[in-house]
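In the form predicted on its own, a lone chain appears below as structure tokens.
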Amino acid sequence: MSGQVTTQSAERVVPAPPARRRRRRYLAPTLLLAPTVLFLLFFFAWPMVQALVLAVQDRAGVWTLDPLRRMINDINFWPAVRNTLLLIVVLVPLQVTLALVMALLLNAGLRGTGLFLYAWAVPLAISDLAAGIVWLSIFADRGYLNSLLAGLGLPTFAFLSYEHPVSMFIAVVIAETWRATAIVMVILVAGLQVIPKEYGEAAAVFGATGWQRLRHVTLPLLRPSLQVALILRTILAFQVFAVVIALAGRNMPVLASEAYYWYGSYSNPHVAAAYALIILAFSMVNTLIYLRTLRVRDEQIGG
């Protein structure tokens, strides 16, 4: 009897082989990550590979660089590159600055903060095309703005005419700023709320002014959120499309709209894929620049 008990105890304490323990340790994380990996493979990696293949093939499936050459020789290619880069140069700093001011006001806990948050977040619930149509009703020849000018006895102005590219560009910037600033604001508000208030209070005790606390305490600690906001907003700015189409049509070509026209109107998916490839390349280069210039070390994140 005692020999039987001794045998059972020995069986219970026998450890599992190291290979089996390793498999068990990695099984749960692998199962949890699998849906995300599959999602990325089917909806991001596979379309990217398809676009890359389409951009270097002709209609007969022969490998060639003709789609890329045709894109570069297209009359709208360089204006599209210029307009897209101009929009990014103007939009991204403007939106990040506005979003930072809005986030700081919300984080200050002033009276009516909740009302401002709801008002500023309204554009998040509106689609790109709907936002473009809203601003078209304002800037059109017989829109609200010209009606107001006429009511005040002032001359009207064709803001969206091809003869006035500057006013057309400004109209697109205003519409896109209104539409997409809120998403940057949400990211920055989330970043501000994880910064301990004790840091600012300690700086105030040592005599730091509000500007000094913002420059030397808040902004350095907000750098990870700023990095995410800049990357996200720049990538989305390269894809700006519906607002430009609604307000300016072909009078203001951008890279995404040219990809749309080549695919839909000209039925040439190869040149459209070449445009998509250019957008992808620009986005990756900008992301690498942001990751390099706004690099945040682990010890900085941990405070």
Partner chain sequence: MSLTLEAPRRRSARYRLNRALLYLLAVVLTLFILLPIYLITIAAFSPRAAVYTFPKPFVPTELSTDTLRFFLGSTGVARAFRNSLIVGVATVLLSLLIGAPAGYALARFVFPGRDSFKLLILSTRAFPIVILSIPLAVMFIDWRIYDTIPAVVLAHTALALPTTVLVTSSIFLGVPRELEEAAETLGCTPLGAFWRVVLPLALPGLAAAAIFTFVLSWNEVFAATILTVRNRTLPAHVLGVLNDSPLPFQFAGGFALVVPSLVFIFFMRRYLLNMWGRVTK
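Bear in mind that the values here come from a model prediction, so they are computed numbers and not experimental data. Residue numbers count along the first chain shown, from 1. In this text, rigid core is short for the largest set of C-alphas that superpose within 1.5 Å between two forms.
Not pictured, yet referred to below: the form predicted in complex with its partner chain.
*Stretch in contact in the predicted bound form with its partner chain, which is absent here, among 69-77, 228-236, 163-171, 82-90 (heavy atoms within 4.5 Å)*: Only one stretch qualifies here: 228-236.
*With heavy atoms only and a cut-off of 4.5 Å, decide whether G143 touches its partner chain in the predicted bound form.*
Yes, G143 lies within 4.5 Å of its partner chain in the predicted bound form.
*Contact flag, F159 vs its partner chain in the predicted bound form, heavy atom cut 4.5 Å*: Contact with its partner chain, no.
*asked:* So, S267 and its partner chain: in the predicted bound form, are they within 4.5 Å at any heavy atom pair?
replied: Residue-level check for S267: no, no contact with its partner chain.
*in the predicted bound form, does L280 have a heavy atom within 4.5 Å of its partner chain?*
L280 belongs to the contact set for its partner chain.
*Using a 4.5 Å cut-off on heavy atoms, what residues in 183-197 are near its partner chain in the predicted bound form?*
In sequence order, I183, V186, I187, V189, A190, Q193, K197 come within 4.5 Å of the partner.
*Superpose on the rigid core, then tell me if the C-alpha of P35 is displaced by 2 angstroms or more between this form and the one not shown.*
Yes; that C-alpha moves by at least 2 Å between this form and the one not shown.
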